Ligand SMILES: Nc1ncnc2c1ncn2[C@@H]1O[C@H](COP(=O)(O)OP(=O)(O)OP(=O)(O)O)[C@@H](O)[C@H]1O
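Next up: just one chain, as structure tokens, the form predicted alone.
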Amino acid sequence: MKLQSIGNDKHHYKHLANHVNSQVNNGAIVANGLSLSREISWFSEVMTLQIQIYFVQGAPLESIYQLPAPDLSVDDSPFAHFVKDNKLGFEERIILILAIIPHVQPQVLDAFFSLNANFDRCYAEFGGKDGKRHRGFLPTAETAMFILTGDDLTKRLAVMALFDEHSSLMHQRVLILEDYTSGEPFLSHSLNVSAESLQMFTTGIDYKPTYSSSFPATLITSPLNWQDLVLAPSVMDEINKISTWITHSNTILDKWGLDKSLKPGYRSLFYGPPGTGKTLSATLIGAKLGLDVYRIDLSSMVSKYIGETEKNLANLFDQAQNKQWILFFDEADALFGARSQGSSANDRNANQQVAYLLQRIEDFPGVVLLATNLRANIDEAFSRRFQSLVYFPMPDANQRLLLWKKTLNNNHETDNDNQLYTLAEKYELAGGAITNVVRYAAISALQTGSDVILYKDLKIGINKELRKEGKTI
């Protein structure tokens, strides 16, 4: 009866939490809808006026700048807050809403389907591209340029700076220029809004990318906390230094003026035997500081085709560039391994990949954590550039006893208080191995109808773990 009550309470609170979240999201959706409606209406007026001016169709005004952007000062939507926080000007707002429109009101851009009667094709100055399934007009950077500059060449040259990678919207990767073909004009790039920005400007929800071919990484979380992690004091000290840097890097770089000599990112190598807490430590650093931790799937990053690995890495780091993410490379020696001295094409390609990765990690302004079982497998060029090398040793007997107690959580037979002490003292196991043993013993206990985990099943489980390493009890 007690268990049923607890289950009902959990269901009730989960339903209540979902309801509250739904109400919050609905509020953001409504607010975004109102702000975007006003922005799109303004954009339509600007677009129509520019077309009238360009084709000398009796435009009521002389310049699109006579149509002021909507005042969003009292709007409380995520979209409005972004515009205000970033102090976006007339041109930036036009470019941003142009990129959003195909996703929310594609029909607004239908005017650009007009044919040039002299050549029986669309006007080159409108830009745009054909979609594979989308039936509407897909804008390019050229489309934005036409709306903002018409045939004013001087203005055109000035506005081009807004598509530079250092401009606000491009640097934050709110806007993305894609599908560029070598040899074609730069402005023929497709103009897109990033998935995370689009979600924030529509639903108001923080976007968390899921695993895909373009983003081979998985968000990792854990129900455990720091109290469940048993680490040596020296290891915890190194972990705390990483957390301190993440929390106070702005003070160190900006307030103390060390930005001239120190780069903004942080790189650390976790190394040590399997199961000693490397992955969990990375996960808990993110949980403590409210940062998402993404584990990179190296098998999807590495390609046998020349240049593909670098392309995959570039795409990953570009997506993470301005996010508050921690990138976690597990079993990192698969990609960060020592460079060979061979002269074959394969050796040169592998060395090129390592060199490129080294450069991208050095330039990355966020946190990169690498994990490996053997430090010797990591290229020395990487090791010299890590801010810290954190060794996760096998736990000693006292730490193992604590791990046994935490993992079993009082669900074991306690007739002999020395049993766990004997296991901890006699068998050198890491935390991950102890977890596997307890899982095996718990299953065995249920199969035999026992209410508690039995000592004999723990011994069998230990033997199974040791056999993995070629050892026996």
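Position 1 is the first residue in the sequence shown; the rest follow in order. Everything numeric here is computed off the predicted structure, so don't read it as measured data.
The same protein also exists as the form predicted in complex with the named molecule; that form is not shown, yet it is the one meant from here on.
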- Consider the chain as shown here, without its partner, and state which of Asp292, Asp228, Glu142, Glu92 has a heavy atom within 4.5 Å of the named molecule in the predicted bound form. Asp228
- Partner-contacting position among Gly277, Gly286, Gly127, Pro78 - heavy atom within 4.5 Å of the named molecule in the predicted bound form: Gly277
- Message: Looking at 318 to 326, 181 to 189, 269 to 277, 196 to 204, which stretch has residues with any non-hydrogen atom within 4.5 Å of the named molecule in the predicted bound form?
- Response: 269 to 277
- Message: Taking the named molecule as it sits in the predicted bound form, is Thr435 near enough to touch it, meaning that at least one heavy atom pair lies within 4.5 angstroms?
- Response: yes
- Query: Though only this chain appears here, would Leu403 touch the named molecule in the predicted bound form if you measure heavy atom gaps against 4.5 Å?
  - Reply: yes
- Report yes if any heavy atom of Leu258 sits within 4.5 Å of a heavy atom of the named molecule in the predicted bound form; otherwise report no. no
- Message: I'd like to know if Asn373 sits close to the named molecule in the predicted bound form, meaning any non-hydrogen atom pair within 4.5 angstroms.
- Response: yes
